[in-house]
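So this one's two forms of a single chain, laid out as structure tokens and tagged structure 1 and structure 2.
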Structure 1
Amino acid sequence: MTGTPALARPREAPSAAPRLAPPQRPRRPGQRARARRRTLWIYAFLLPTVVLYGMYTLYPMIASYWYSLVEWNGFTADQRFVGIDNYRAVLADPMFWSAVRITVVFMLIVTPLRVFGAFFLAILLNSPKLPLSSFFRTLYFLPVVTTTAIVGVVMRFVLDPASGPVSVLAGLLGLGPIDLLGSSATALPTAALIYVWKFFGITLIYWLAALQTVPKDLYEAARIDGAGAVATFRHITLPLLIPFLAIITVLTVEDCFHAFDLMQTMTAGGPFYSTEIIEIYVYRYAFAATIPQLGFASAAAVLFGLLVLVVVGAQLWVTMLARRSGARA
């Protein structure tokens, strides 16, 4: 009796053996020496930057925290430890809170003009139908690369009530001499407008970069569907730029805390302390006073740094929210 042959099981394909990375050949002594020399040259070129950054940035930042706890005029070696008395004196000084108020008002004037003005101008300059768009971009960015102190000095000459071009033009129009920087009511808005003009190109570049992220396919689809320019801007461009609006706004707000060089060269905090922002307040006690109070000024600078840190924290928080909203969209 012969049995039926058993069905042959399908033969399993042999599993592929894991490929091992080819063994690296050890470097020769000459190659190791050349790599070591290359690394040493890299560190040698970085060393001057590291040393200068440590001397003129890191050390003053760290030293200011110690100076804020002592009473010191900067001329003698005697430093008397007073703890938080300097912070108490700064917080009790009404001029400090006046400087904070002026800084906030300056920020509230500058930020909307830079953010929204640059936004609408970027929309125009981003249009392919606009002739000489590259020329206008360069024209608006030229003040950014100009030294801020030089801009302040030139603007003092331009706005001089005796012989400045603005006063001469106002005289020809029968308006009489105009002293925009010499009046407490007009000095701060005038300085804010000059600051907007000086750094307008940076915000413009931000918006132009943001507009490049909008896919062109969406514009082509909208054009095929018969959407006009207003509808395309409202339903495509604007929703996609909302996350950038939050980020650019926070960057502009942070930038408003660094107007010392322009304000110092134009008004030096005057007239009657009407343009004394926090940076000029610190400078006045640290360097411009007859007897400098470096401890008091350092305490004010530390408090100013804490204010900047709050803005930076808000920037990180807004950026995180913008990324989340962009991911959901």
Structure 2
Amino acid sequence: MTGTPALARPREAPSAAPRLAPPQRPRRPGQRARARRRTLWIYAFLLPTVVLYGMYTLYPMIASYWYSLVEWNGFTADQRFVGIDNYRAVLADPMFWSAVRITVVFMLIVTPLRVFGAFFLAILLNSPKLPLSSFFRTLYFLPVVTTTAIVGVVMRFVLDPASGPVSVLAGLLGLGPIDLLGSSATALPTAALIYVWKFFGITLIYWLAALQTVPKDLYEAARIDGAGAVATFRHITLPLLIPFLAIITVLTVEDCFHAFDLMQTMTAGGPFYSTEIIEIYVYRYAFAATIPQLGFASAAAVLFGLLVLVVVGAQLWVTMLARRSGARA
């Protein structure tokens, strides 16, 4: 807000005396009983969620920590405790590090495109001057509600170098057949772009929601002060949306680590492991092996979880530092 003091929100004057809580009137017995019943109902309605969350999220998480410490093929009941041997084996496997690298590269391609692309599109779609803005919002959100696995299968046809529309178009332009998913040089960027297209709408909604938080009276004041569209964007919209950038980026980064269904249906990790993200690596050992290695796969999954935690933690830390330095400035 530097340079626009007139538009700054007045700060509240610090109170000289500590603010006291208003005195609470003693509740009557009837009120207490009603409050208790209401609270009971809240817990009762929460119970199914808590139970299902526990069964399908918490329990598998805890179980995978246990499985990562045993040798188990899933075919027999025999689980042999091996301590951290599975972790040692995963960390010594070059294919694991290859999967880590591919996952990070995928995230680095997808995140900026989703975050900044959606940001600029949200600015456009938020403009009151744009006709059919609701139609366009729906249009961009449509891929989000389609089944990801179906998108993967359909995209294989769309990108089919023998008869797919992309290749036909390339042929008309004299470029010949293009095998975007069949070449290890282009498969990952292609998959990343399709992923961006598929989930672009979610990030767009985040930004549109963030834009609704900018007070309209600020725009009104700016207009009265003679600020143009660029100045309004630079001095009002952008500064007020910066805090949202951190949370939207965190959510998008976290989202980028879950691309299994799209990648499995489009490339299954190929060609020659060039699109093998960690989730496919885990799947390969847990389910696609002749004799599944559930302990090994669980160790890889746990390490993957830690990686996500580290990336998101680092992001939050950097954001916090930026805020502090901003506040000092």
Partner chain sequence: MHRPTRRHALAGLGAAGLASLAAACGGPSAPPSAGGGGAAAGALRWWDHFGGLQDLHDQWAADLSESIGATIEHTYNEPSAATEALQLANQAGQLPDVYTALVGLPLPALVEAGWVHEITLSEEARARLPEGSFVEGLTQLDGRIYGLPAFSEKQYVACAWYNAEIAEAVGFEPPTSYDDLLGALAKIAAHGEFTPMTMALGVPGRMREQADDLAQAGGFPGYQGLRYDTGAYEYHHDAYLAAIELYKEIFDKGYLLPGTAGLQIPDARGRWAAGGIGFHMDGPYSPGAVRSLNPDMLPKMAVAGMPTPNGEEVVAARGARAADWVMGGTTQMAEQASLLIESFTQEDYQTQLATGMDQPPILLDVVARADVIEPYAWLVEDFSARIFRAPQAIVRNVEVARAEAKRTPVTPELGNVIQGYLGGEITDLKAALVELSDANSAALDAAIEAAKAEGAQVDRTDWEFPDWVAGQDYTY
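This is a predicted model, so every value here is computed, not measured. For the two forms, the rigid core is made up of the largest set of C-alpha atoms that agree within 1.5 Å on superposition. Quick note, the numbers are simply positions in structure 1, starting from 1.
Structure 1, not structure 2, represents the form predicted alone. Core-superposed comparison between structures 1 and 2: CA of F287 displaced by less than 2 Å.
F272 is not among the residues whose C-alpha shifts by 2 Å or more between structures 1 and 2 once the rigid core is aligned; its shift stays under 2 Å.
Taking the core as reference, the C-alpha deviation of Y53 between structures 1 and 2 is 4.5 Å. On rigid-core superposition between structures 1 and 2, the C-alpha of V308 is found to move 2.6 angstrom.
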